[in-house]
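Only one chain comes next, encoded as structure tokens, the form predicted alone.
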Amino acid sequence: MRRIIWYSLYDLLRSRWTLVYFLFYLALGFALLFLNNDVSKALITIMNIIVVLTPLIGTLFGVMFFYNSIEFTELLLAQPIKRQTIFLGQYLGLSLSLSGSLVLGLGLPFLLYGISSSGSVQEFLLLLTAGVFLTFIFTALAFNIGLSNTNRIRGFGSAILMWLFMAVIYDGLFLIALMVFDEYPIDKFALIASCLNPIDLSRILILLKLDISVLLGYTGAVFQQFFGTTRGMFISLTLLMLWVLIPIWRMIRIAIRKDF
């Protein structure tokens, strides 16, 4: 598995798209720090970009990488190597490459700006953690889509639809439900619905850490009461970890049973 991870990393590091992804976050970090004197405002802007762009990149890169390396995967499957080793190695190589581009691209500008000596270190680390989690989650979901769809067009369409649902449509349905049932006690429903979407869960964690829960509306106090505590933070990170592990488990299960 280490050899497969290393090969995937080496192949992706030579790709210009990985370099473009790194340079985008690098330029974004320098631009926001140049335009904003307040680090908190820069973090809010980056958060709004990360929670939408990172899942999209993870999904598209995951699907493209899976379909473009299908011939190499079939060659590996002809060798005495376990299937879970092959697909898990490729998945980790891609996820680590994208996560490294994100962390380095945003980390370098903020380190040069002096984030380590400011009071926003924890918020920045939580932002990077959420971005890494979203990368691993949506890359795993993309591999699931690739394994479930032999047709590339159908696979790309399903991947974009999945990202569109979680990033846009889900929030719209969530807000409509809150408006329709605003006369009922829907605190628990709001908490559960937020946990069922990793994008919403990551956004809430960052907003609460930045002490701007008022932006969450009238349910902000409920979120602050639950997610703002140490126990709530631990539960939230555990849920994000489950969002990573469950798609990986399903990916391995499909890979073992799939007839290539």
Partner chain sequence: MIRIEDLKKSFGKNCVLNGLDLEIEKGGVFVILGPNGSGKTTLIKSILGMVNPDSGQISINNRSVLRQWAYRSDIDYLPQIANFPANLSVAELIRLVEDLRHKPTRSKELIHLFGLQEYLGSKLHTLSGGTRQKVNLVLTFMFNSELVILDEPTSGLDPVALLRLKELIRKERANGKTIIITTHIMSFVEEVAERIVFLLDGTSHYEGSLQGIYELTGQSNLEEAIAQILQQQYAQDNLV
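Numbering follows the first chain given and starts at 1. From a predicted model like this one, the values you see are computed outputs, not experimental measurements.
As for the form predicted in complex with the partner chain, it is not shown, yet the points below apply to it.
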query	finding
Listed range touching the partner chain, judged in the model of the complex by heavy atoms within 4.5 Å, from 123 to 131, 71 to 79, 94 to 102, 173 to 181	71 to 79
4.5 angstroms heavy atom contact with the partner chain in the model of the complex for residue 83	yes
Stretch 1 to 27 - residues with a heavy atom within 4.5 Å of the partner chain in the model of the complex	3, 4, 7, 10, 11, 14, 15
